[in-house]
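Shown here is one chain on its own, the form predicted on its own, set out as structure tokens.
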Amino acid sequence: MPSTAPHFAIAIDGPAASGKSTLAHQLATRLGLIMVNSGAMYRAITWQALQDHIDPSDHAAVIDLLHRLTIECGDDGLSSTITLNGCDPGDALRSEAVNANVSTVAAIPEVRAKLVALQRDYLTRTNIVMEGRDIGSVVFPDTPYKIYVHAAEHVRSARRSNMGEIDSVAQRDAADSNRSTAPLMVAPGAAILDNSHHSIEASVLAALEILKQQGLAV
């Protein structure tokens, strides 16, 4: 849907452990923007479902939970924040249980619809760099600033292992790419940035050059 908001979004999409979060953080810092982690929103709903002993595959129960939650999305001046009924899940969002179930929750259309609305609301307040899996294709399809971050599967697997996370990137890729609602894809107009062998600084410089070519004053 076209945006009538007074601000702009830079969309950073890509699969698990591609480096999109690190890139988004670095770009936001360089450009003086707020970095929004859309994945944290889906992780927060997943975390709350697990806290309430709800089976993430029970769509009706997750949707009922969604209706009962007060979700507040804001920022701390640098990055996005999220609370559920006033509670900040914090580091629990990266737990093994959340990792194992977030793709299931994120595939529920009602969850995506609710969170996409909250993601778009950021543009009523500020300019942002938002990372995720459907930012350029669904959340902000009309933004001219789109980058799809890619890295080889073995590189991403090693990154996950180094982070202490044991979930399979291949399984995450399959779940994210094959879901019927907002699947992971290269958005129309997005430039592909392969950072399999880039340093963080090299990735940032490459992304800034892409954004410059896409018309952003950097």
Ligand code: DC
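It should be emphasised that the depicted structure is a prediction, and the values quoted were computed from it without experimental measurement. Note that residue numbering follows the sequence shown and begins at 1.
Although not depicted, the form predicted together with this ligand is the subject of the following passage.
Partner contacts here mean any heavy atom within 4.5 Å of this ligand in the predicted bound form, and among 151 to 159, 187 to 195, 61 to 69, 32 to 40 they occur only in 32 to 40. Of the heavy atoms in Val102, some are within 4.5 Å of this ligand in the predicted bound form. Contact between Ile135 and this ligand in the predicted bound form is found at the 4.5 Å heavy atom cutoff. Taking the partner from elsewhere, Ile82 is found to have every heavy atom lying beyond 4.5 Å of this ligand in the predicted bound form.
In the predicted bound form, this ligand lies farther than 4.5 Å from every heavy atom of Lys114.
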